[in-house]
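Subsequent text provides C-alpha cells for two forms of one protein chain, presented individually as structure 1 and structure 2.
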Structure 1
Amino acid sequence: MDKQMTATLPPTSDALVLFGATGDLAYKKLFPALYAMVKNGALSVPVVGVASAKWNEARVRERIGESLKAHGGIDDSKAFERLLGLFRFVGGDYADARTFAAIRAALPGARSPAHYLAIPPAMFETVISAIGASGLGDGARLIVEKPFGRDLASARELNRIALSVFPESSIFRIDHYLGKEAIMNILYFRFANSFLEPIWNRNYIHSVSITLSEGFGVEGRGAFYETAGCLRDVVQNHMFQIVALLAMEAPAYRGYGAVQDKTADVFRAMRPIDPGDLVRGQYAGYREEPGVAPDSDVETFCALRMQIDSWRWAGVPWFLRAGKSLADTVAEVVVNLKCPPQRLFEDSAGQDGCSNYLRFRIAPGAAVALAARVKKTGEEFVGEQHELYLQNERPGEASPYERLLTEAMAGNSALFIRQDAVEAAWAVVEPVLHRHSPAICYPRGSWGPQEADSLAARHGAWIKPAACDG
C-alpha cells in the first residue's frame, strides 16, 4: 500500500460537481465512467452537472443516455436509472455568482464535494475563484484536466490560483494515461522483473522510440486544438509520462508517492528541446476544420529527438512522435537494444540495425514483446527475428476515467500529477513552444512529414507499429 495511504484515510467525496457537463469530455469519457462507477458501487453520491444555461436538465439527461449508447451501451438499466437519480443539472454562466449559489442549493448537506473541471483551460481561473468565493471550496477537492497551463509561466499561475482555494493534497491533476493498465504495466514490468535492470541503461540500449498515432483528425475539437497543438496536447503530458516510467530510477519505497518523486527527477534530467530536434507537421485539410484559422500554423504532428542527461541514459536518443490523421491508431514503445559486439553471422543485425528490442504495445491490445533472432533449421547460420509475445489485456477493465475518478473521490492522489513534475515538463518543451520551424503539410493517412524520418535516420528508423504485430 502507498505510504500516504497508511496514514488515516481521507473522507470520500460526498458529491461530484462536473463543470463542463455538456462538453466533449463528459460525453465521450466522463458519463460512461460515472455509469460504470454506479454499476460497480463506487458512486452513490449526488452528481451536479454544470454548463451554460442554454441547456435544460431534461436535455442533459437525454445526452447522458446518448453518451452511454455511443460509448459502450447501457447493459444495466437499473444502474442507468440510479445514475439519473443522482444527477442534477445547473445551467448558468461561470462568471455569474448566481450559478454557484444554485450549485450550493443543489448540494444540501454536502461537506466534501469534488469539483471536476472538464472545461476549457481559459475558464479555470474564473471557476476556481468562484468556487472559493461561494464557499464551495471548503473541505472540497479539485480535479483538473490537462493541459495544466500552456507554458511554464501559465502553469505556475494556474497553480497559484488553485492553491489560493485548495491545499495541494486536495488538488488532483488528471493525465488519463496514468489510469491505463498498459501504462501501469510499464512500471510493474520494469520493477517486478530482475532480468531487465542489468541491460536497462546506456551500455545496452541503443535508442527508445515512442509512437502515439491517431488515424483520425481533430474531430470537431478544432477550436480547442488551435490553442494547444500536438506538443501541448499529448507530448508534454501523456508521452512524457510514458518516458518517465521507462526512464526512472527504482522508486525508493513501495507506493506511488515514490514514483512521483522519480517522475519529476526524469523531467528534471531531460535536456530542454532544441528547435533543430523537433519536426512539426500539419495534416492536409486541417485548416478547413471548423474552428481552425485559415492560415493556422498549429502542428497536428510532432516528432522529436530527446536526451536524458542522467548517469543511466547519457547518450541514448529518445524519439517521440505523435499526431493526428496518421496511417494508424496505435500507441507503443520500442526500446532498441544495441547489436551484439561482433557480427559472427551475416544476418545478425536486424532490419533496422538492432536485432533485439522490447516493445510495449499500449493500444490497441496491450502487450509486451521481446524480439530475438532464432536460427532457421538447416546447415547455414541464418536466422529470423521472432517476438516473444505477452498479451496483457483483459476485457472489461476499468476505463482510465473510471479508475481515476474513483481514486480522486477517495482522496488517493497516487495516480495524479504533482505540480513539480508539471513545471519540470514545461521547462523541457519551453524552448520550442514559440521558436520552431513552420508546420510541414503531410498527407492524411501517412506517417507524417518525411523530415520526421530524417530526424531518426542516423539511429535507424521508426519501427512502423503495424509492421511488427505479434
Structure 2
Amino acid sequence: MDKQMTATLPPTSDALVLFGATGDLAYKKLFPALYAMVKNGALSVPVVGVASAKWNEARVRERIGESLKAHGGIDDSKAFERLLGLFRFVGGDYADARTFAAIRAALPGARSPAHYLAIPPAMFETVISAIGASGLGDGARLIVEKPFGRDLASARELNRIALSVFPESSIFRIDHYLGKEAIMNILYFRFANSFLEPIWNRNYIHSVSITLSEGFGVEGRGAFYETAGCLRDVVQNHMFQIVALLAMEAPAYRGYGAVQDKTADVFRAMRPIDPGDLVRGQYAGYREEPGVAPDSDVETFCALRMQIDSWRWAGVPWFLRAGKSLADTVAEVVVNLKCPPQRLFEDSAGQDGCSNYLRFRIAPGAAVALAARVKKTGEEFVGEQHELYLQNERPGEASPYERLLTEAMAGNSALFIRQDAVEAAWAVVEPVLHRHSPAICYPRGSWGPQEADSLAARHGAWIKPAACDG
C-alpha cells in the first residue's frame, strides 16, 4: 500500500461487532471471510456476534463450523480454533437498551470497535440510534451493508441518522462488487498503462456496454425481490460503480479521498435516466415464486441507455443490462472502439461493427482482453477477430468480503462509497423508479425482452459475452 495513503489513517479497529450473526449473509459470506482473515493474520481482535434470535453461544459456534464446511471447508484447524476463541455472542432485542449494555460488557477495553450491520435495512435506524445512545459509537466505525435506501429521500434520511452518531470518515458503506479483484483491476489497468489515455475518450470510443447476468431466478428470495427489483438491487449500485471506475478522471494525488472525489464526479455527471431509455423485463414464472404478488410488476431485468455529460464522454452511449434467469451467468464490460476512419478492407468492421474492443471479464474467470483483426492466410485480404488475453484470474485471491472487512477495520476507505456518491447515484435513477413502462415478460434462458435490443440498435448489437462463446 502506498505510504501517502497510510500516513493519516486512523488506528485499526480493536473489536468487531457483527449484528445479524445468525443470518444468511453471516453464514454464506462473513464467517468464511473472518476465518480467512484469522488464517492470514489480519484478524486477532474480539468478535462479538449479535442477533435477535433466541440462540445461545454454543449454537452460534456450531453455525460458524457449519458455515465454513459448506463454503470452502476447514483446512487449518488451529485458525478455526483461534476464530472460535475470539468469538462471543450476545442475543437480545435490538430495541432493548439491555442488549447494548451486554455488548459493552463483551468488549472490555475496546476503544475503537467496528459495528457491522448485516441486518435488514428496516433495522438500521434502530441499531444505529441504540449504538449512539449506549456510547458504543464513541471512537467506533460503522460498516453498513447495501441497500443504502430505496430512493433519494430514504438515502438522505439514512445518511442523516448515520451521521448523527458517526462522522463520515468512520462510515463504510459496503458494495461487495468493489472488493472483487476484477473490479479493482479496472482501476489499476486504466491508470497504470499510458497507452490507454490517448484513446480513452469520445474521439476514439464508440460505446460501452456492461452485462451482469444470472442464469438463475430469485431462488426463494421473492419476498425480498418484491421490495427491490433489478434497478435498485443491481443497476443503481453494482453497475454504476463499474461505470464510475471506467469513466472517472485521474485522481490528482495518490489517496483514498482522491479516488472517491473522482467517482462521485462521475455520478454527478450522469444524465438522469429518461423512461424512454429503460426497458424493464420479468422472467416467465416469476409471479409463481413464493412471496411474489400474483400481479407483480417488479422487474427482474433492466436494460438502459445512459449518457455522461462530461468533456471526456459527451456523446458516448453507455448500455447497461442486468437480470435473472438469463442465458448465462456472466459479468463483463466491453469498451467498443470506433472503426478506422476509412474502410480499406471490406470486412474491417469486425464483430457487430466493432473492429477493436477492450473486454473486462469479471465472472466467470476474471480476464482483460483486447480484440483485434488479423489477416487470414491466403491471397485475399480477409481477416478474423482475435482476442489477446492480458490478464487472467489467479488462484488464492482474497474474497470480496475478506478484503472489505480487512480494509474497513484498518480505516481504508477507497473501496467504499461516500455519502455524496450514494445520493448522486440515486438522483440518476430517481426519474424512473416510479414512472416507467410495465415489465415485459421474457422466457427463461434468453437475453431478456427483444425490446432491449432496440436500445443499442443504432450503435450495434450487444456483444456476446466471452463466457458464452463456443
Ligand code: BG6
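Here, rigid core means the biggest group of C-alpha atoms that superpose within 1.5 Å across both forms. Numbering for residues begins at 1 and runs along the sequence of structure 1. Here the structure is a predicted model, which means the values were calculated and not measured.
Exercise. Given the two isolated forms of this chain, which one is the form predicted together with the ligand?
Worked result: Looking at both, the form predicted together with the ligand is number 1.
Exercise. Would the C-alpha of residue 291 be classed as shifted by 2 Å or more between the two structures after rigid-core alignment?
Worked result: The answer is yes, as the C-alpha of residue 291 shifts between the two structures by 2 Å or more after core alignment.
Exercise. So, does residue 427 move by 2 Å or more at the CA between the two structures, with the core held fixed?
Worked result: Residue 427 C-alpha, core-superposed: shift of less than 2 Å.
Problem set entry | Threshold 2 Å Cα movement between the two structures at residue 40, rigid core reference | Superposed on the core, residue 40 moves its C-alpha less than 2 Å between the two structures.
Exercise. Once the rigid core is matched, what's the CA displacement of residue 55 between the two structures in angstrom?
Worked result: So the C-alpha of this residue moves 2.4 Å.
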